[in-house]
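First comes one chain, alone, set out as structure tokens in the form predicted alone.
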Amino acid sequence: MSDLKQIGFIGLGIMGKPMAKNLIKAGFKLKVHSRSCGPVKELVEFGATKASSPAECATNMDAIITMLPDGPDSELVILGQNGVLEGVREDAVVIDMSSIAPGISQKIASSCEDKQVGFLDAPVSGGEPGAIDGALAIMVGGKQAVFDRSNGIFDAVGSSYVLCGDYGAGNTTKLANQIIVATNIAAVGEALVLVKKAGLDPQKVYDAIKGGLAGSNVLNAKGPMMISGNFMPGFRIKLHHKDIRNSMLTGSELGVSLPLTSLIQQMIVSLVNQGKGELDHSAIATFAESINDSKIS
């Protein structure tokens, strides 16, 4: 384990709660804070201590992890009044594992540097199952020395972690990940609607193709959900909507044309407007179902 043994953890949602539990299991001492009381109580019963604010959660901690919905949340919790930087000590490390716009990560990093605090943007992929199993893929932006100090933390929550570049690189990599995942989900949905309309059994088609070139983690994780019609959230459509929006904004800032991402964005916006934002992102397949009047399940 690295010298980062006492951790403040802020944000105990679908992803954050199991991540915090895995850190406790790995021997880290945790202080936790979240907007919802239920997960805080659960983590306290699991061995953590409770903090009443982000500043208190950061006080006397070696590292502070934030796992929040979007960039404005990270800014408020880390940079805002009674935020992390009001309580953190010099030489501590702030690890924002939220999936946010790279520019916001760079802004937070600059404020951390001003206080002699290390910073990493380290968004994850793997959804709730990966968070529970401690098998997340972690994409990291920041300085090598800070990354090296944090490896013990990443070992406790992930199966892989890569330093992708300087500040913001982690979240730029996550945007690339989310483009690929969303496009794959949409393609799987269209393909399964096609075979259903042709009178085939989607389960048999899935079994036939999953071992070939079309096979992927996305197909294996999301295909069965589409076939069963089970869209209980592991990663909600509304969060993927946020990631795709950030992808388009970043593409615009860099002058990069993203035609497929733009099409996926329109599909996801349509689903959110239909009230499906709380469903798992495998329900992107329902767009193809709707326009073809055919259910995969």
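Don't overthink the numbering: it's just position in the shown sequence, from 1. This one's a predicted model, so the numbers in the text were calculated from it and none came from an experiment.
This protein has a second form, the form predicted together with another copy of the chain, left out of what is shown; the following refers to that one.
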Checklist entry - Using a 4.5 Å heavy atom cut-off, are 44, 100 and 129 all in contact with another copy of the chain in the model of the complex? => result no
Checklist entry - Heavy atoms within 4.5 Å of another copy of the chain in the model of the complex: which of the stretches 87-95, 73-81, 199-207, 145-153 has them? => result 199-207
Checklist entry - So, in the model of the complex, is residue 116 in contact with another copy of the chain at a 4.5 angstroms heavy atom limit? => result no
Next on the checklist: Contact with another copy of the chain in the model of the complex for residue 256, defined as at least one heavy atom pair within 4.5 Å: yes or no?
Outcome noted: yes
Checklist entry - Does at least one non-hydrogen atom of residue 225 fall within 4.5 angstroms of another copy of the chain in the model of the complex? => result no
Checklist entry - Counting only non-hydrogen atoms and a 4.5 angstroms cut-off, does residue 40 reach another copy of the chain in the model of the complex? => result no
Next on the checklist: Given a 4.5 Å distance limit between heavy atoms, list every residue of 260-280 close to another copy of the chain in the model of the complex, or none if there are none.
Outcome noted: 260, 261, 263, 264, 267
